[in-house]
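One protein chain, two forms: both are listed below as structure tokens, the first as structure 1 and the second as structure 2.
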Structure 1
């Protein structure tokens, strides 16, 4: 059930039912009926004629008696008086009027009208004076209105002072009035077409007998008569509504379920059609949807002509809500499925099954980010499209999908493995020709990940090929075939981008700070910023693990600049409280050689107004630095800008000494593997002691990291190590905690060991 309510269909249905309970569809029904009756008209029946009194003011009982007398001679079928009787002026006149009325016998009736919609109280009606009307019938006219007071329906009978009165419409239609419930007027009747004669014409003898004989004549002071809001016509004389009411009563059927329930049949029909449409595909789907719209638009109007009143409002509401939700979802999906280059992205490939007998291939373009960095922004899309065109030409695939960074994916015919490998080698050869984008030329290289596991779902296959392509790139291999053992990690990689963004947004990714202590004065002098990720389902993820993933997925930049920004905020806050506080951040080896690195760091310190000398950049020696000369140049420029450079994990990299020789560094952090055993292992003891001397000889500050035991700390201090970091002295903690520790240190707390 909850699942159902989460679909656009379920949500629309629920919303419609809630809105229906609040009668929120009324404006829709109102507009609908107005439009219908503005466009569909019928003439009023000739059997009912209005006789309008021209000058109601000068009417006296005597002249009214005269009018009735003349009328009677034309032998109408029945006369209804829809005007106040002028009585009390002269006894003779009143007597004449009484006689005139009585002479009609039961062929005369008087109308008492409620002047407002929804007013059925006894005060609403003025009954005609009995002394004149005698036993003549009194008919009433009173209407129920909608939320803007348009007349909608009327009850068959109205009770005034314990007596039931028939309504004008039932009398005109000759319908029994004992029925419970309401009837609905036929608003097609155009009020202007009701036959109309004037009293002056009758008095002047200009009215032929045939115009009145055998008809129902309604005597009305039309210019003074109340008017009422009438669908399709705005205001109309109230008597027109009574005539339309009579026509409604003459329809072949008389069926309505009232304003609330009356909307349910059409709603049910439309809901059913949309439901069928959702299950169907192709033209059947389109036909079901079109029928649903047709039903809402045409059926209520068509049924109404037959006397069946079903309102379209809630069905319209449902269609409106459902349509809007679907459009919105479609748009969201389109955005979700398109990469910035305008090409469909990897999710678009992963979401649909690939044809039977296909391999899934992911190509990754080496140095893609670098290429983009050299190109003006408006050429980035063109760059991706050009690569995609080249791949399409070589692979024969129709659609090439573009992922984050330089990843391109497609499905193509599965050939025997050796043929497929040859084919991809051929494709690779296409990239021997440099890319020409705008007036920039680039040499590039392409690596492939190949998934041939037909049985697996597409999403898994795309992930697998992607992971293999990244591996091929990292190992400098042309093609990597996916091994099933990597299956568990692959989905993680594909969605890493989205997850990192989400983690940064909702605080699952946060920055911890581990204090560093000066062993000369035993005070806290700095901290290292260490990233943390408490994943909601995976739990805490070790930073080196997800940083590696982020590097592979090309997302490390965003993370690094996020760390830099927060570390600067922290450094600014702590430096405002005391003497120099040094903040260290870790720089991924993947980023050291990037062309925009120095510019971005320089811009960050300029924008935040921090002295770069308060920031230490820790770098680790790894083989993954692709462009060594560029890396060395970047680091030298950062140092010129004032940043301090620290060689992290000294002793573990492949060329720590070479690094020390090449790089203009300020600090050296001895890896915790050596520190850990300094008290127990004489060789490690010797290595650390000599490393400290060597570093000091080269003018470096020495940091020992990973100090867990007091004896380790004591030995390091005796060796002349400058700074200490480790669980013994403080674990990585939140900024709030770091601030407290620092405050304590400022007010005199020192290392106790």
Structure 2
């Protein structure tokens, strides 16, 4: 027995049984049924019609009596009253209502409803007055709920003050109420498909007899009726649950072992299939495991449609635990054993001390996965061994360690840095000769990560060299040296997201605004929103530093939408004070191709009520955009919505003529590197002048950024530049200071530009 419990199967079964005793699988069952009934629907039966009372506030006993009389003339099969009776206002009205009720004979019943799940006490039900209902049947509606209060089941009868009352569902289904136990609704019933008519339509004569004759009519005030959590639909009117319950009672079977025992049949079947899979091999093992998954996913739903309720929660628990253990065991074995090539893996290197005076080197082969994808599986090991032989021949290392993703690591004698770099360059040259593996020939490109920090443990050094090799590959460099100082910065960079969130909360991260001036009108006409970070211990942090880290960590979205919201607030305030004021924000290349970009920007301007034409989106380096067609499409859609698009840092990196040809834009910002030298360098002067002319010919507004000297501004004005930005005209400042500067510019109290 002890040996059995040490196996992954035994541990999984024991853990499942223990968790089942604590009802830990309930969230899984809840999620399962919610998903099932979100995707499987059927229409409500036409035999039951809801007659909704339009205005309950003006309803009197007399008008209710009139409504019932009009309803009786349509000859319904049965009428259920699911609304409070308006009695006590007048004797004549109460008498009329009593006559109307009794004119239905036994074809009328009244509903008393518990206002929430799991409430079966006598105080939960308000019974209708007997002086009105007479001998008419009273039905109750009360539901049992799960741990998040979704309705799950209901008893066939409810005892109130020593008297048994039938439930609404049993009455609708025509089922005896004497049965013990619970029944389960058919949550496939879509509440929106329940036939509905209004009392105003009936009174106005707009309801034909065929709409009500021979049907069960439930008179309800839906606006006042309670709602209950309903699988697949969130909240739904409680009467919808009663109708779903009736449909569940009409299923071919009505079988459930209850919430505890109801999960055992599926669990037993899955356990048996997994046990058979463990004994089998090859396709039979895969078939057994696939069948077990299919049983958990499909069988409970299929049986539920027939009225047999078996919960999948504990079977899901078992599969999850067993699968996790198996994956962990496989991973553990893979870590403990050598790689498929027969070479020792990286863990073997990390677990042994590196000789004193040695460097740790990791080489990564570019496109290694593509090489393996091209080769037959039986040649994968040979590929790794050939690469290792070349590295060993060039490095002189006795043992080359092989890791996933084309990584090869070793330790070798440390040389002076210049000599070591030359040595690795020579080793790299060995891979200029193609690899010949079987009948396949491959060109190879290899990159190195180098760690020379002898004071660190081996595991840290291997990981450092590994990170450097990956960085060299990503940046296209031959060799990347891991400096010890980077370890000191690693905790900061790895916790950047939490620090950014903290900075946003406490105000260390704030939004600055740098003014832009219209050179023709000689006025401040806009500003660029720029994010700033004053850290309490590290001081001011350069935007490029933390924005780059935020992009690498995939956290730039939150910062961008935070900037957008504050920029909109500023733009609304300034446009309310004077002429048109344009607000510019920067859009990261990491976001420009995302599917939700346009929708999020559109929602932001809609929610804040701002004209998108007052916002300019600045786009810079798109070389890192993964999906360039999607990026261009997003930018075009933003422009269609009214946003202005600006090409930032024009003349540097990729921001060149290709941008003007490919990207829809309204504005071009000339990079400060050209602006700085426009007064002293004839070539830069010519480049700027011709760029302005080209932009104007294409209908673009031109912004010169980085202006710091009056002579530069004068030259740009003579060239016809439209807008100017730089320290000469205003440094990035808080919004409060920007407001004062703008107010001063409107009054002419600032120096003219």
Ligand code: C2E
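Residue numbers count along the first chain shown, from 1. Predicted model only: the values in this text are computed from it and were never measured. By rigid core we mean the largest C-alpha set that fits within 1.5 Å across both forms.
Here the chain appears twice, and structure 2 is the form predicted alone. After superposing the rigid core, the C-alpha of residue 266 moves by less than 2 Å between structure 1 and structure 2.
The Cα shift for residue 114 between structure 1 and structure 2, taken after rigid core superposition, is smaller than 2 angstroms. With the core superposed, residue 403 shows a C-alpha displacement of at least 2 Å between structure 1 and structure 2. When the rigid core is fitted, residue 385 shows a C-alpha shift of 4.0 Å between structure 1 and structure 2.
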